[in-house]
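This document opens with one chain alone, in structure tokens, the form predicted alone.
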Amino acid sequence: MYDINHIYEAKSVEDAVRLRMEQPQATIIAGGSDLLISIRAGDLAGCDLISIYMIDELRGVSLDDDGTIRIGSLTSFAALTKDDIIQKHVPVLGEAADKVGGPQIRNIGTIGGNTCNGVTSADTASTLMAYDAIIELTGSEGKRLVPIEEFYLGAKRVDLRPDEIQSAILIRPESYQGYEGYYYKYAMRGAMDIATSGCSVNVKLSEDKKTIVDARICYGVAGPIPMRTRSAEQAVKGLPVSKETVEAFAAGALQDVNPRTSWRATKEFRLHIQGELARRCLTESINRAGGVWS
């Protein structure tokens, strides 16, 4: 059923790095929810694999002393959704994880795999990018920290060196404290489907809840990689919470996106829904933040 030549099973992070150096032709496998499909389809026929699935130190969510949220790369979508730290500080990330596939996929699939496969439709990637997440990579020379925007190099290409594995995803306190967010996935079906487009927005309001201090937005399937739309973000800073501000946000977002036509949707349809997603996600983020509308 699966044309696999050899599987090497890493027992620790150090062991995984060693195997990466000794078996440079091998592909890393975590939960396998994406990779096994590629193998069965013949895209990776006869491959060697390095399994990191048994490395328990890469699982779980913790809070560092400085307030940084540390998410182990082997944390499953199901665990992420239910985690107390995620629910308290960045609940929108748990909501995005809950949009992935069905229960079986969410129990086996990992947030590290969701980002390392480099696809633009990854449900958690948009929210992580909207929160300025940092990717922690561990290799033969130690740890390397890469902002998630720089981690994505192109369609299905990420900045992962031959001797490295992704060990964690970090969200700094300044990136989430005081922010509220919302993620919307538009797909042909309500479940078990890849996003036609996805949008994640978070917002920080003034003390009186009447003004937007900061807003961030990131799309999936608006280009070859998850995309921040800076024009939208700049368009609303310092503006009052109002319908006009929401419209300015949506207009700014459409200046930066560049979706393609595929069998799932035309470019024109994606542009239409991406404008609407910007409106909905900003509106809901403002409401969650207790915004006072003018």
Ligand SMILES: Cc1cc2nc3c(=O)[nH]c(=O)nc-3n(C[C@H](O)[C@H](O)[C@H](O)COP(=O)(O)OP(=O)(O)OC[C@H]3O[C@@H](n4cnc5c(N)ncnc54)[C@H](O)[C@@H]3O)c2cc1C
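As the structure is a computational prediction, the values presented were derived from the model and not from experiment. Start at 1 with the first residue shown and count on from there.
Here the subject shifts to the form predicted in complex with the named molecule, a form of this protein not shown in this document.
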Item to check | Triple contact flag 78, 175 and 216 to the named molecule in the model of the complex, non-hydrogen atom at 4.5 angstroms | outcome: no
Checklist entry - So in the model of the complex, does any heavy atom of residue 193 sit within 4.5 Å of the named molecule? => result yes
Next on the checklist: With the partner left out here, check for me: in the model of the complex, does some heavy atom of residue 224 sit within 4.5 Å of the named molecule?
Outcome noted: no
Item to check | Contact label in the model of the complex: residue 129 to the named molecule, heavy atom within 4.5 Å | outcome: no
Item to check | Contact of residue 109 with the named molecule in the model of the complex (heavy atom, 4.5 Å) | outcome: yes
Checklist entry - Tell me which of 84 to 92, 142 to 150, 202 to 210, 112 to 120 has residues with heavy atoms within 4.5 angstroms of the named molecule in the model of the complex? => result 112 to 120
Checklist entry - Though the named molecule is not shown, can you say which of 257, 61, 28, 47 has a heavy atom within 4.5 Å of it in the model of the complex? => result 28
Checklist entry - Pick from 246, 235, 265, 35: which has a non-hydrogen atom within 4.5 Å of the named molecule in the model of the complex? => result 35
Next on the checklist: Heavy atom within 4.5 Å of the named molecule in the model of the complex: which residues of 128 to 166 meet that condition, in order?
Outcome noted: 160, 165, 166
